[in-house]
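The form predicted on its own is given below as one chain in structure tokens.
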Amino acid sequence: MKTIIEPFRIKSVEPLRHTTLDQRNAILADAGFNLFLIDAADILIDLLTDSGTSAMSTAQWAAMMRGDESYAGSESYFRLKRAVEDLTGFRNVIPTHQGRAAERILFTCLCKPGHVVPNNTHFDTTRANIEFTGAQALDLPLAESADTQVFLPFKGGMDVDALEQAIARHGAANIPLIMLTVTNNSGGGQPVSLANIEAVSTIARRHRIPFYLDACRFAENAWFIRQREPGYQDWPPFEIARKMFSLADGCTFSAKKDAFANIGGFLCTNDDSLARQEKDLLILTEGFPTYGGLAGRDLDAIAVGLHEVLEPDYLEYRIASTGYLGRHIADHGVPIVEPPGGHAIYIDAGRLLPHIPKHQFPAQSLAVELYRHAGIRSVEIGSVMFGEHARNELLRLAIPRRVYTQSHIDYVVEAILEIHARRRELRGYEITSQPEFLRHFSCRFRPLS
């Protein structure tokens, strides 16, 4: 069969609210043209993020009913611990309330002013947590990935030659860890090959630098490896994921992505001494090490989700569904980051709107217009989010897992193509107020005439 159907049935539904154009114009003005500041009730289709927005399965909801809410030594924790150890092989599993909490604890323990942390591409919270310690977040993406139109099977990897040069320039003693984000969210949701993970691991171990995976979307990355990397076509996704983790010394993980959970995450390490420091900090700011700021029921939901996300039928559907959106708009002239990624489609707003200069935020202009036109929320991944670190002006359409059907995606396609037909009418924006860190969450804009 050519049609890839959703590998699930819908058991509960949530109504969507349609708004009028006049209502959306008023909503945008009240929100300072920042889609983060719009109430969810005023959104028709929400593609702001795939983080914490997944639909949980009947097995996950059933698991939540046996959640053990004991403060210390919860059975829910030990069920999660066994699931994570089985998947990753790491000795120390520390639950956190979400991925950025794991990042904060890790970088607080390892980083200080003068340190440099290389990554293929840091995402927003990762960079902010590193820079908050006084260290420098260094992006080392593949040079070819700067061109959104270049087709590479593994466009999200790290430039290993640049990594060697960075170690020589800064000194291994000033690099507390090397990270690799799989898949590469800031780089267009592009996957990283096992060969690239192994090359980075080899360099890290030669220089005795800890190597960590930012593993939020590890399962999607494993599926791309199965599809595209020679020698792995017959490997189960679980075994590919196990090999990925075996090459690292630890990981940070947001369970709000590839574990279908609405909250949660964890931090793993094979360094027992470091784990003791991390648990001490966890107790201070998150909670006891066997709950880490989460309810026991959430720990149980994550444990089940880690199993479900590696089912081949689900992963085949997930990647095909995302690709469906990407191909349908790209084939009609909308420039996207090619090839389509796993969790999201990234429109190259710089190419789509060449009349809007970078400092007037073309991707933000497109995000505003997509909401104004069709009630669809997306997110800017460009100069608003990353400032001087932005390589491209991208609009991300992040697809929640198991939430929207193909008819919803067809509606998104139609809306984008209608805006594409009148793209020259769009105008730029300027920022009128912003915070010191992570400005994209709460800054306000005004349209330029």
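These numbers were taken from a predicted model, which means no experiment stands behind them. Throughout, we count residues from 1 along the sequence that is shown.
As for the form predicted in complex with a small molecule, it is not shown, yet the points below apply to it.
Can residue 49 be called a contact residue for the small molecule in the predicted complex at 4.5 Å between heavy atoms?
Judged by the heavy-atom cut-off of 4.5 Å, residue 49 is in contact with the small molecule in the predicted complex.
So in the predicted complex, is the small molecule close enough to residue 98 to count as touching (4.5 Å, heavy atoms)?
Looking in the predicted complex, residue contacts with the small molecule include residue 98, since a heavy atom lies within 4.5 Å.
Is there any non-hydrogen atom of residue 88 lying within 4.5 Å of the small molecule in the predicted complex?
The answer is no: residue 88 has no heavy atom within 4.5 Å of the small molecule.
Exercise: residue 185 in contact with the small molecule in the predicted complex, heavy atom 4.5 Å:
Contact check for residue 185: yes, within 4.5 Å of the small molecule in the predicted complex.
Residues in which of 194 to 202, 100 to 108, 305 to 313, 366 to 374 have heavy atoms within 4.5 Å of the small molecule in the predicted complex?
Selected range: 100 to 108.
Give me the residue from 232, 245, 123, 211 that has a heavy atom within 4.5 Å of the small molecule in the predicted complex.
By the 4.5 Å heavy-atom cutoff, the listed residue in contact is 123.
Could you spot which one of 190, 181, 76, 378 gets a heavy atom to within 4.5 Å of the small molecule in the predicted complex?
In short, 181.
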